[in-house]
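The data below hold one chain only, encoded as structure tokens and taken in the form predicted alone.
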Amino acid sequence: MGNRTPLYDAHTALGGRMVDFAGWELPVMYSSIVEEHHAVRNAAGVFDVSHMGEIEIAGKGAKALLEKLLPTRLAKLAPGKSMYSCFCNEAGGVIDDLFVYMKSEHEYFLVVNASTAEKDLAWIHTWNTFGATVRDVSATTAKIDLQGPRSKEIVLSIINEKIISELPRFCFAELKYEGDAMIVSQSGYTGEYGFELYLPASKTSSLWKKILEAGKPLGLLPCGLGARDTLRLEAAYSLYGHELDEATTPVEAGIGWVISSEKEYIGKAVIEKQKRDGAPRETICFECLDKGIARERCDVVRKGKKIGITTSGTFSPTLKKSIGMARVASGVISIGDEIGIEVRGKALKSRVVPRPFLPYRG
């Protein structure tokens, strides 16, 4: 038996098909991946993401610690704003990607991947020579993601606060839900307008039930890991363990835009050199022209020669074609070029396309 979120019983009551994910028992789907996917694109979907890790970093040394850990310029933040970034090792490889929320000058809230939470916490402690206070609050913090064009309408029916309707993307508000502190962030992992809601684990079931009740007349569905993956891939968002790992730099992974810090962050020499001079590998998006679905870890070939490997792949319910991402040798192919994706001994004819497959629709 794996770890269970506070919503485990709610998932099984709804008929969720439970699977192991990073040591957690989570629903891969309730009705069907395609149906849940379309609900998010056309109305709204709600996800239990309480398995994610949450870490608080506070004190006068908090800013200096984060400037050591992150390749992204911390000046981009202000109280009430968040940003996407990553931890890198000394060789420039990505230890994890994460979101950083700035509550105040000396207080930050980090959201990290479940599979790397323990590793991340140890990494933070290793480099904490600045006297910052570091607290793992994962066990007491739950996370619900409400995504889709009708998500604002649903949130406001439950938490009638004007600030929610005015939140810009990647900004957040600290509010109260049933008397307890809650973070409402205008962000998400689907390519749609939506919210990420952080609250005490003890209040999760109440909020989940209210969202389902308020959203049902509007077309909302509970969604599992399957739809979460098809949605994030259409938006070409990276997934740790696929596009990102400790042997791949942010430049190679296609998230070089996070590199903006002028401070002496970990891995800077390697990362800055790659950003300036180019990296040996790059991440590309592709669509299959032949019938068939390319999954992760398929060889990518060009003119009979292997040039890389797929990192993610699925059938896109929106585009109605097989799409994916791959890490390939730099400078070998360009947008519009044809490539082959080896699937069961056959090279599926495919084409390199711009990133993302679908632009953000907020």
Partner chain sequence: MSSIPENLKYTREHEWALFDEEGLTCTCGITDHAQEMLTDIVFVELPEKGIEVKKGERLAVVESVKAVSDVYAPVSGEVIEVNSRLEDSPELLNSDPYGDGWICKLSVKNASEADELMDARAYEAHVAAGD
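Residue numbers count along the first chain shown, from 1. For clarity, every value in this text was computed on a predicted model and none was experimentally measured.
Although it is not shown, the form predicted in complex with its partner chain is what the next lines describe.
Interface residue remark: residue 26 is not counted as part of the site for its partner chain in the predicted complex, having no heavy atom within 4.5 Å. Put simply, residue 293 is close to its partner chain in the predicted complex: some heavy atom of it is within 4.5 Å.
Under a 4.5 angstroms non-hydrogen atom cutoff, its partner chain in the predicted complex has residue 34 among its neighbouring residues. For the chain shown alone, residue 351 is not a contact residue for its partner chain in the predicted complex, no non-hydrogen atom being within 4.5 angstroms. Not one of 81, 172 and 204 places a heavy atom within 4.5 Å of its partner chain in the predicted complex. Heavy atoms within 4.5 Å of its partner chain in the predicted complex are found in one stretch of 42-50, 327-335, 56-64, 313-321, which is 313-321. Contact annotation: of the candidates 260, 141, 230, 274, the single residue with a non-hydrogen atom within 4.5 angstroms of its partner chain in the predicted complex is 230.
Interface residue among 226, 219, 93, 149 relative to its partner chain in the predicted complex, by the heavy atom within 4.5 Å criterion: 226. Residues 344, 346 of 319-358 are found to place at least one heavy atom within 4.5 Å of its partner chain in the predicted complex.
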